[in-house]
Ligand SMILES: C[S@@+](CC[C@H](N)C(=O)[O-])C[C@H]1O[C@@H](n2cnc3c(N)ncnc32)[C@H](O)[C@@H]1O
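Let's start with one chain on its own, the form predicted on its own, as structure tokens.
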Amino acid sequence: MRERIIATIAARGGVPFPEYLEIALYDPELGYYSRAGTQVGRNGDFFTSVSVGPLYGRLLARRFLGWWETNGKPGAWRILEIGAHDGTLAADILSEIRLLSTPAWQALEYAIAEPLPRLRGLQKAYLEPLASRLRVAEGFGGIASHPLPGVAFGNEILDALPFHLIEMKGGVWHELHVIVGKNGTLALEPRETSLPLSGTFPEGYRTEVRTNYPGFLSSVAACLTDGLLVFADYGFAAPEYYDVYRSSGTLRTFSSHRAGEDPFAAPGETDITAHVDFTDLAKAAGALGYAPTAFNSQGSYLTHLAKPLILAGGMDDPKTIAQFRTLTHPAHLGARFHIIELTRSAEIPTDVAHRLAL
């Protein structure tokens, strides 16, 4: 992978950081995410809400089923998952919907948009017992050719979208390009840029900017005639994201549950990520007619979803209680992640607008 990246960059005299990420993370043969589902979990590189156990998927299933029930119980509806990894979360959601509502199950198409062939194969194999309701596609195009009402969601997919690195130098923003240095190693080189970021920032301030939210959301929204977008990820609203004291940005690498900051240490073998600017995401969705109707910490969001299950005595066993605590407690995952909901042609609640600084 390193040789391939160096050859590509040397031939072009440097590339913007998003193009480096496209190769390092998404190369179909050697990219980090094209590996056969070994990145997530206790034996992988990082731990997600899905790794905790099936409760996370069960609670999301109840939210999605609630959407179906309150929107007229359409005779054909879709759940679209982006970034389904090995299919574990899809299995948890599908199993819960099948258990709770036969009509919703029979009307459902569970679609996965997955461009990486290895992961498509993994998902199809893992989800084979649920194949009657499953559709795994190479991308959004085929799914969008027959849009349905429903829900589109991604768990820790936004942070995996490539991002630009920018730095303030001499009172002017510079974009950091990836170049091959004189010693044959990868390095960052600042070049003046017009990438927009308003505000006053100190010399040397470095951060990330994603310009791909509009295209990504447009592709997702095209798969639904109407519905709900739900994204769970780590990140901040814009005022916190671009606080002057967060002067080195949020870029991180992950390998064997150890965080680092060098994106060139082991390309293809290490996850490279940055936090999500939820305000920018909400603005991009607004241009497509979607408004943020919920924005909460994961702990608050999942506690609200779990309330009916708790009252019905469905969370009394020790394993489920332990999963719930890990998912919701601020010292675990409850404060680390946020969940945003976006609904077409909706009013933005005052509290949500305030938290997102819209």
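Small disclaimer: the values here were computed from a predicted structure and weren't measured. A residue's number is simply how far along the shown sequence it sits, counting from 1.
Below: the form predicted in complex with this ligand, not depicted.
Taking 4.5 Å between heavy atoms as the contact cutoff, choose which of Leu127, Val180, Ala285, Ile157 touches this ligand in the model of the complex.
Residue within 4.5 Å of the partner: Ile157.
Just one of Ala104, Leu116, Ala144, Leu188 has a heavy atom within 4.5 angstroms of this ligand in the model of the complex, so which one?
Selected residue: Leu116.
Might Val50 be said to contact this ligand in the model of the complex, defining contact as any heavy atom within 4.5 Å?
Answer yes; at least one heavy atom of Val50 falls within 4.5 Å of this ligand in the model of the complex.
Phe216: heavy atom within 4.5 Å of this ligand in the model of the complex?
So Phe216 counts as contacting this ligand.
Looking at the partner-bound form in the model of the complex, is Tyr33 within 4.5 Å of this ligand by any heavy atom?
Residue-level check for Tyr33: yes, a contact with this ligand.
Please run the contact check for Ile82 against this ligand in the model of the complex: heavy atoms, 4.5 angstroms, yes or no?
Yes, contact at 4.5 Å.
Segment that reaches this ligand in the model of the complex - one of 82-90, 128-136, 237-245, 164-172, heavy atoms within 4.5 Å
Looking at the other structure, the answer is 82-90.
Sequence-ordered list of residues in 308-345 near this ligand in the model of the complex, where near means a heavy atom within 4.5 Å
Sequence-ordered list is empty.
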